[in-house]
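Read the single chain below, which is given as structure tokens and is the form predicted on its own.
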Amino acid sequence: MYPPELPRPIIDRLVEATLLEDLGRAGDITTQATIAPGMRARASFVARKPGTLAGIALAEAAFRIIGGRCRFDAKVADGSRITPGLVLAVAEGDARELLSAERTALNFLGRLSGVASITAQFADAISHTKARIVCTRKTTPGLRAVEKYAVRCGGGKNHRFGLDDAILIKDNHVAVSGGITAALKAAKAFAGHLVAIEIEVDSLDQLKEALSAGANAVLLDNMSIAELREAVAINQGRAVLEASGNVTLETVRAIAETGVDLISSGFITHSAPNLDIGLDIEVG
């Protein structure tokens, strides 16, 4: 397995926007007022809590984009399991640049490592099954690419990135379009040969109709464990089955053991707690 990667233009665009948000109209006036030009410092990024690392390239970009007079040395790769006290990276060089970029670097590291860490907990809980945890579009506005990247760092898989890369027929589409069969027929007539089509169902009768209409993937919405087991039996491997709704660390194992292929969770992105990463700084 190759490690997950983010294209540099995505990294640089996000980091530059975040630095601009922080620097405002006049720059870091606290640092300008208190730190003499030419001073040097060394800062260590240290894990305060156990978890899974994500976002190291964005932390590096913060120091590169702020001015490039700090050397950034990553000690741990994204996707690694980390423990309290572990030094994740060291930034060394111009003290003004280091202090002005530190919050941007820490914000990305803490946020993305939080997503990776909770994803890893879900993935670990179902590792004995064939099911895989996948994310949703319930992401922080503007941060979807990097939060979905963090999901990959934690051992999860990505669902669609937006409304344009796959067709997911939800319950409201079904209601407006005239039903399961009508919605699938219209989608198949519209889609190109590379566009995936999935349809959401909330009952076993709807699942049977979707399979009869040739659905390739079916989202089983808010079904009980018993219903999920029956859905797998009805399906007999014909379509990819995705369970969704009420997925927690307490329920995900039982859901996976029903035999579904995918389990989608908005929690791993929209409610992931920040992972505590500190910055220890010294002069010289």
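Given the structure is predicted, the values throughout are model-derived calculations rather than measurements. Numbers for residues come from their place in the sequence shown, where the first is 1.
Below, we refer to the form predicted in complex with another copy of the chain, which is not included among the displayed structures.
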> 85-93, 102-110, 117-125, 202-210: which one contacts another copy of the chain in the predicted bound form at 4.5 Å, heavy atom to heavy atom?
Replying inline: 102-110
> If you check in the predicted bound form, do Thr129, Arg238 and Leu249 all have a non-hydrogen atom within 4.5 Å of another copy of the chain?
Replying inline: no
> Heavy atom to heavy atom, is Gly245 within 4.5 Å of another copy of the chain in the predicted bound form?
Replying inline: no
> So in the predicted bound form, does any heavy atom of Gly67 sit within 4.5 Å of another copy of the chain?
Replying inline: yes
> Can you check whether Leu228 is within 4.5 Å of another copy of the chain in the predicted bound form, heavy atom basis?
Replying inline: no
> Hey, in the predicted bound form, does Glu60 get a heavy atom within 4.5 angstroms of another copy of the chain?
Replying inline: no
> Taking heavy atoms and a 4.5 Å limit, what residues of 25-58 are near another copy of the chain in the predicted bound form?
Replying inline: Arg25, Ala26, Gly27, Asp28, Ile29, Thr30, Thr31, Gln32, Ala33, Thr34, Ile35, Ala36, Pro37, Met39
